[in-house]
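Okay, so here's just one chain, in structure tokens, the form predicted alone.
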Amino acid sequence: MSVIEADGLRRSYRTSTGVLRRRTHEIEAVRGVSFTIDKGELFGLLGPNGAGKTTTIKMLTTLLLPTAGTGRVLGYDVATETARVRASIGYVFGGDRGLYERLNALDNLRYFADLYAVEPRIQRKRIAEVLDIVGLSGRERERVEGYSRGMRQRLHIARGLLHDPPVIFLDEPTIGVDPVGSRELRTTIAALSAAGKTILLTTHYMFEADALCDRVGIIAKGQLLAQGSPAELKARVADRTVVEIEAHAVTADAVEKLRRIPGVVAVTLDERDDGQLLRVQSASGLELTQTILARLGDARVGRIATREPTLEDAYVDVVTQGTRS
């Protein structure tokens, strides 16, 4: 039996627009998502903003009722056996919510230990254990308001581990955390996986999913478009070539011209503080650098590099193809 099961999960919202004449619309945030996660597996759920990742997690953690479909955690139905599900899971989300900043970490964990019904006789030992797991031992008497973003995220994880749940949901735990803090959090997550915890992780960072996850699922517009191991997903684009170009003033019109080049299968343009990064995928190992440069018009071009595809390129391909259909 799988530890986490999502079978045709759907979630719809009703919203209204207009001022004088209000019109009600129904929005499907999640549209028939199905997947399973086995015991001890670390499964990554990847997708753009608004794809339905957090909504899916909220249904599986009993925070939202599914409009249709079923979800189970350790065999318990998320809609009808909520108390059993909640007792079996830890839920860790990104951001600053969920902690009391005027209290120190120790008092925060004491408070949440009471909420999670951790027996008083083992609370002190358990709090010491989770502080050690997340690397906050020795800092527990400092107020949370003085913690860095990474330290707060580690305290979030400690809070979610207090009752020693077999299943952990991590919703973008490294978002907004500096590189050093992110690396420490990834080490903590890897250690939890090695200890046998079943983990569902959402993230926007492809290298993070590639390094940590046993399998990943890619979701866009509320639908699960692909799933498999990082190696299996990268195999989808293994025969392609990726050209990366650092540039300035690349226009939307130029990007559309690139997409019409025969052999080009995906084009992305990322805006950065110091310019733009253009990525062009071409099929069957075609080398199209000169053709690409000829279509950029008046754009200023810097570094140009050609490389093999990564999980991020596979992700872009899946999302691009899925949103076009």
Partner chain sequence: MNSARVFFRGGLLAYKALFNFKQTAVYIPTMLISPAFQILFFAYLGRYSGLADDNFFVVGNAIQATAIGCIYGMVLLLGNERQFDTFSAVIATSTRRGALYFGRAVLPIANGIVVTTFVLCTSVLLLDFRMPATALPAFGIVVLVSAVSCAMFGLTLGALALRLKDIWIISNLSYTLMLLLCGANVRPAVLPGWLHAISSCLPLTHGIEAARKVADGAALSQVAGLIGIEALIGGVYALLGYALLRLFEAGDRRGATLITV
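Residue numbers count along the first chain shown, from 1. This structure is a prediction, so every number in the text was calculated from the model and none was measured.
We do not show the form predicted in complex with its partner chain, though everything after this point is about it.
Shown alone, this chain has one stretch from 242-250, 222-230, 183-191, 74-82 that lies within 4.5 Å of its partner chain in the predicted complex by heavy atoms: 74-82. Taken together, 151, 207 and 212 are entirely out of contact with its partner chain in the predicted complex: none brings a heavy atom within 4.5 Å. Heavy atoms of residue 277 never reach within 4.5 Å of its partner chain in the predicted complex, leaving it off the interface. Not displayed here, its partner chain is approached by residue 114 to within 4.5 Å at the level of heavy atoms in the predicted complex. Residue 128 falls outside the set of residues with a heavy atom inside 4.5 Å of its partner chain in the predicted complex. Looking at residue 296, you'd find every heavy atom of it more than 4.5 angstroms from its partner chain in the predicted complex. A heavy atom within 4.5 Å of its partner chain in the predicted complex is found for one listed residue only; from 164, 142, 101, 178, this is 101. Residues of 56-85 placing a heavy atom within 4.5 Å of its partner chain in the predicted complex, in sequence order: 58, 62, 63, 64, 65, 78, 79, 82, 83.
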